[in-house]
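This document starts with one chain, in the form predicted on its own, laid out as structure tokens.
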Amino acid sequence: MKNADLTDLKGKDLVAALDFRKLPKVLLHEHLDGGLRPSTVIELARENGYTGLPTEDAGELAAWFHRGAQRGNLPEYLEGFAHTCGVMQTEEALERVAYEFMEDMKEDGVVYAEVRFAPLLHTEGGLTQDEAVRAALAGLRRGEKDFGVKWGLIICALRHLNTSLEAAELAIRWREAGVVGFDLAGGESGFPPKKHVDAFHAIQRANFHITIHAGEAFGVESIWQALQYCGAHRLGHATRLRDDMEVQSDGSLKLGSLAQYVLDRRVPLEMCLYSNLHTGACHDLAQHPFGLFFRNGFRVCLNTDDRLMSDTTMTKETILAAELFDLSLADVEKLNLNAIKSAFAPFDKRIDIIFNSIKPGYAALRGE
């Protein structure tokens, strides 16, 4: 097939004609402790004396993580992180996981990736949070040198704890070394974003970047608080924004005031298709609000969330979206342009990636 013919293809026909792994992609929402290689989990457990794994066979362990994560609710989805965090309690382990993340990104066609973690979860073996951040940054820098992928690190606070201000100050302290933003993660129900407003005010006063998990396991109120109390620049998941929209009998979309605000202000929505199915944020992938959001001009992008738990990659997420929502090559390019425009990287780096990686990559596929 001639490259020019690709512009006429959509959905499954496009998937059949292209090696999606080679498409330039941008990833904004992935958890460092949710994307380990099963073999690495086993090796780190042996090295560090961690005895909690259900099996030491890599294939069986991968299947165990996948089964455990796919029970339809967020609390059970999060249970597997006890094991990944359990083996990430040394500087060497954190640096290795971060380095392997970068290698995996290269193999997946990702040209820019933001990865996030909560340093507090990696202090059980005696590390300080600063040491945990330093180790992760070292792995990311070494990975960029070897694999050429650009990156940023996001520091997560945990919404069920009262340590978010400390996490915010940690993020600010390391911003010159590669930390690009601040997030609030963890079980959503019962832990509203506004409880952490002091942390977000500290980030705002430092002219820094905010993304918040909101509207995944709780409703529109969580999204509203993330934006209007906490000043979020991006929203993680935000599937429940669908609740502030109504499809009319003529097919037109009636937006509530919050959905209209998100659309008008171009608030980026970090969507994670497979993960949303596994956590119960979406009960049917064909009905995932991604399609409705994308068709109506919301700034959405595709992400993996937790590659190990959800057995996914950016290639898989992109193929799934293309097949379910009949995407064209131009649509896939737009999703990645949405992502890089919404990245927390400095402006000049975003421009460089747009014009030297993404646009040339898709132009070559079109035969331009």
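Please read all numbers here as calculations on a predicted model, not as lab measurements. Counting begins at 1, following the sequence as shown.
The next section is about a form of this same protein that is not shown, the form predicted in complex with a small molecule.
- Item | Of 78, 263, 137, 206, the one that lies within 4.5 Å of the small molecule in the model of the complex (heavy atoms) | Exactly one residue meets the criterion: 78.
- Query: in the model of the complex, which of the listed residues (280, 186, 125, 109) lies with a heavy atom within 4.5 Å of the small molecule?
  - Reply: Of the candidates 280, 186, 125, 109, 186 is the one lying within 4.5 Å of the small molecule in the model of the complex.
- Message: Given the stretches 303-311, 320-328, 46-54, 339-347, which is the single one in contact with the small molecule in the model of the complex, using a heavy atom cutoff of 4.5 Å?
- Response: Stretch 303-311 is the one.
- Message: Is it true that 234, 239 and 270, all three, sit within 4.5 Å of the small molecule in the model of the complex, judged by heavy atoms?
- Response: Result no, not one residue of the spot touches the small molecule.
- Message: Considering non-hydrogen atoms and a 4.5 Å limit, does the small molecule approach residue 211 in the model of the complex?
- Response: Residue-level check for residue 211: no, no contact with the small molecule.
- Item | Contact test in the model of the complex: residue 299 vs the small molecule, heavy atoms, 4.5 Å | It does not: once the small molecule is placed as it appears in the model of the complex, residue 299 has no heavy atom within 4.5 Å of it.
- Query: Looking at the partner-bound form in the model of the complex, is residue 216 within 4.5 Å of the small molecule by any heavy atom?
  - Reply: Residue 216: yes, in contact with the small molecule in the model of the complex.
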